[in-house]
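Single chain ahead, by itself, as C-alpha cells, in the form predicted on its own.
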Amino acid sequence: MNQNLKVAAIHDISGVGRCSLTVIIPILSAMGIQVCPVPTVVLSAHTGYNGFVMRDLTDYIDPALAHYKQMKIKFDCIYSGFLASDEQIDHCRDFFNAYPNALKVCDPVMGDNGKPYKTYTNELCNRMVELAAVADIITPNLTEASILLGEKYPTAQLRTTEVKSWLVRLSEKGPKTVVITTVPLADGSICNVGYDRETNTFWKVNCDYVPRHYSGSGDMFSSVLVGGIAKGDSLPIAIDRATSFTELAIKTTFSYQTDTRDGIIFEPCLKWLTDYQVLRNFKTL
C-alpha cells in the first residue's frame, strides 16, 4: 500500500463552520493521506451565515500549479469542490490535465435543498457541468445532480428505476463513477447511491434520517469516499465507509443539539477512521 499518498484539494476554507478544507484536511489525514490544500476562496464563515467576508483566490491557483510542476510534485488525486468563479473551473481543468494519471474527483458543490448557493450564478453552474465531464468520479447531492442534468429538483421520493436513470445519464456526460448522496427512495429509505460504468453496477447504502441539516456533511462524505478509493476500497465499500462515518458524526452532533451552522462535531469520531474496518452494509441498487 502506498504510504505517501498526496491529494491536491481545491476547495474553499471557512473560518467558522466546519466545512470544506477544515473538514477535508483532518479526515484525509486521519486516513493516512497527505492533503495539499489549494484554497479557492477564504471566508470568515461559510455561506450559511449572513454577512460573511469573502476573499477570492483565483489569482493564486495557477501560480501554485506552476510551482508544483516545477518541483515535480506527484499527486495521486486531484479533488475539487467549492469554486468562486468561472475562471476557477479552467484552473481545475489545468490541474486535471497536469496530472493525467491522478484520480480526478469533482464534488460539484453548487447548492442544497433544491436551491443553488448564494454565490453560484447560472453561468458558474453551467461551467460546473464541463468540469464534472472530465472527472473520473463525481459526488453530487440530489440538488446538484438535478442541476447537472437540467432537471427539476424532485419533490417526491424516487423509484429505483429513476435513480438508476439519473446515475447513468450523469455518467454519460463523462465521469466513470457517479455517487449521489441523500436520495429518498419510494420504499421510504434514504440512501447514498453509486454507479460504476466500467462494470455497469449500481450500489446503495441506507442511512438513518436525522431531522437536522448540518453544513459540511457533503464535504465529510466525499472526503471519506476519496480517501477510501485512494487507499484501495471498492466503490461499494468506499460508499459504505463514507456513509457510516458521516452518520456516526451526525448522530453524535445531534445528541448535543448544537447550532446546525457550526457543522458536525466529527473530531471525537476520527478514531473510527483510523481503525479502517471492512464494511458490509452495501447492497445492489
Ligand code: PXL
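Numbers follow the displayed sequence, beginning with 1. Predicted model only: the values in this text are computed from it and were never measured.
The following text describes the form predicted together with the named molecule, which does not appear among the structures shown.
Interface residue remark: Phe82 is counted as part of the site for the named molecule in the predicted bound form, having a heavy atom within 4.5 Å. Interface membership of Tyr117, defined by any non-hydrogen atom within 4.5 Å of the named molecule in the predicted bound form, is confirmed.
At a distance threshold of 4.5 angstroms between non-hydrogen atoms, Cys19 is in contact with the named molecule in the predicted bound form.
Contact check for Asp240: every heavy atom lies farther than 4.5 Å from the named molecule in the predicted bound form. Contact with the named molecule in the predicted bound form, judged by any heavy atom within 4.5 Å, is made by just one of Ile33, Leu235, Leu43, Val226: Leu43. Contact with the named molecule in the predicted bound form, judged by any heavy atom within 4.5 Å, is made by just one of Ala135, Val109, Leu142, Val193: Val109. Heavy atoms within 4.5 Å of the named molecule in the predicted bound form are found in one stretch of 212-220, 55-63, 227-235, 249-257, which is 212-220.
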